[in-house]
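What follows is a single chain, given as structure tokens, in the form predicted on its own.
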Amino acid sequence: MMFLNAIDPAVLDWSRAQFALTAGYHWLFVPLTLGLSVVMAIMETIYYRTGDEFWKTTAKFWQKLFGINFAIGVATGLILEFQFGTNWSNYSWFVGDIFGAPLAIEGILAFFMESTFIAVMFFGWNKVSRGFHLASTWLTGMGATLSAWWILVANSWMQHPIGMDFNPDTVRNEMMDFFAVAFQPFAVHKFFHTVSSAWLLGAVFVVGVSCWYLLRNRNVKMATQSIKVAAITGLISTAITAFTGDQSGIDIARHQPMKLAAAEGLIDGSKQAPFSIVPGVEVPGVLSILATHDLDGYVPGINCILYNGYTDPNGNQVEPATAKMEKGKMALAAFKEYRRTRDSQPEKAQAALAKFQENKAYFGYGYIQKPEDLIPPIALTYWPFRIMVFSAGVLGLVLLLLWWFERKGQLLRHRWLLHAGMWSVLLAYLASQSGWIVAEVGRQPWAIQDLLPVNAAVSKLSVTSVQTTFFLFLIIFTALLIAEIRIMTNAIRKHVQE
């Protein structure tokens, strides 16, 4: 059977590294696309309402930067999707009927919508009415956001797989409830958290570029007005990101307790669990509030999850991973027996199938060699979580100060704040990347939470082929990133608008 064959650990490591490389580079471009789409649409809306040519010119400048970023983001995204078929073919076979559906909708509906209206947005000035052009700009952003929705639906399903059933004859999971997959709370919360954080990054990018202009006393009106729009957009986005982050935290506590334990470095569970600011500095009870909205809520630690079991917030007893591994091995053995006897010994096959159905919820645990393999890299989950939260707080403060002093007409007096606004772009990217590290590293070793570990999802390839493509992608993506930065910085330096 496909994914039961032994896989060279080096192939697994290089395949994971290649996917992480591609996803990391792709996520450099996506949030800026989503964020700039909102800011430039707001600016064009102001132009539509006022008729002031200043706002038209300003919107066109940010649209130019949007276009540069959009083009390179598409290139990295296409390669990322192809890897599901090349490096993760067992994954694609096992759950392709489910995972492929939202990606297909994303390509057919959202991406084509985005691609259609972006042409009108760039080339339709003075060729279509102002109202139609404005609609095209908003629809371009909506297309990008819809694209993010379907991709995040697919990703959320990997974090919390529901709405499907396993067919032992085809060895595939089949979708049983599309709406459960598409609109489960995990997906909704993850979407709004991710997209609002992208709006925040886009707003900070606009602020950073504008601060650069003000520090050089260039394009002063455009820069101050852009800061006004972007700061308000960013502050609203910060509030949405914080709220949806809280909701996502509850989802993680319910469905991915090991991710939460790793993100907190929580070894032993407890009620009134403390939140660790840094190792050795804790705030009592805060983690319980964040995870359960109850000061006395119980938060399981790594030892509870692996060896002891625990009682969840609904009063249900959760078995330890050691027990799940035993049941997983029984499920695997029964499944093999069913496949072996299905055609020749029907009675034996039915008995094996019944045994498999009894334990199939733990099927994925049958591939886990030892309980400790279920612990994600703690440092790589713990520290990015704190970087994400701390950075978001700092960004919110910088945006608030910029908005306040711009409103008072005192922005140019505070060069330190302009420097902070300019360098905050790097902090926004650091926060964005850290969030994805927590989301993806925190669920390891699972490709699909509790269902399929990465060692059963990877393709059987040669190490050399994966290494070769890894370094090829590294060179190509780095070249694309350098090209984007050069093209963008040249466009920013040469822009003159007074």
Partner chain sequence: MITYEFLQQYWWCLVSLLGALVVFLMFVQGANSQIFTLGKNEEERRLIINSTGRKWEFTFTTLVTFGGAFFASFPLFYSTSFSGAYWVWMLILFSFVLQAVSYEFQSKLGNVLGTNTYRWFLVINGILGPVLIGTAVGTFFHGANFIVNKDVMGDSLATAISQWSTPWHGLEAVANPWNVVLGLVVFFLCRVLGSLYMLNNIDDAILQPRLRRQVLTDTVPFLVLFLAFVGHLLFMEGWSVDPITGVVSMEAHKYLANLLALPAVSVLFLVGVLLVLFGIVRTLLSPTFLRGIWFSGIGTVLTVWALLMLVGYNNTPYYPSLTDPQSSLTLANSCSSEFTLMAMSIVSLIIPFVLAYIFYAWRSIDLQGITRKELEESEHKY
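Here the structure is a predicted model, which is why all the values come from computation and not from measurement. Positions refer to the first chain, counted from 1.
Beyond what is shown, the protein has a form predicted in complex with the partner chain; the following relates to that form.
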item	value
Heavy atom contact within 4.5 Å of the partner chain in the predicted complex, the stretch among 210 to 218, 235 to 243, 309 to 317, 118 to 126	118 to 126
Heavy atom of Phe94 within 4.5 Å of the partner chain in the predicted complex	yes
Touches the partner chain in the predicted complex: Ile277 (any heavy atom, 4.5 Å)	no
Heavy atom of Asn90 within 4.5 Å of the partner chain in the predicted complex	yes
is_contact(Lys336, the partner chain) in the predicted complex, heavy atom dist at most 4.5 Å	yes
Single option in Val441, Leu34, Ala456, Ile448 placed near the partner chain in the predicted complex, where near means a heavy atom within 4.5 Å	Ala456
Single option in Leu295, Leu400, Leu103, Ile375 placed near the partner chain in the predicted complex, where near means a heavy atom within 4.5 Å	Leu103
Whether Asp177, Leu452 and Thr468 all lie within 4.5 angstroms of the partner chain in the predicted complex by heavy atom	yes
Neighbours of the partner chain in the predicted complex among 280 to 299 [non-hydrogen atom within 4.5 angstroms]	none
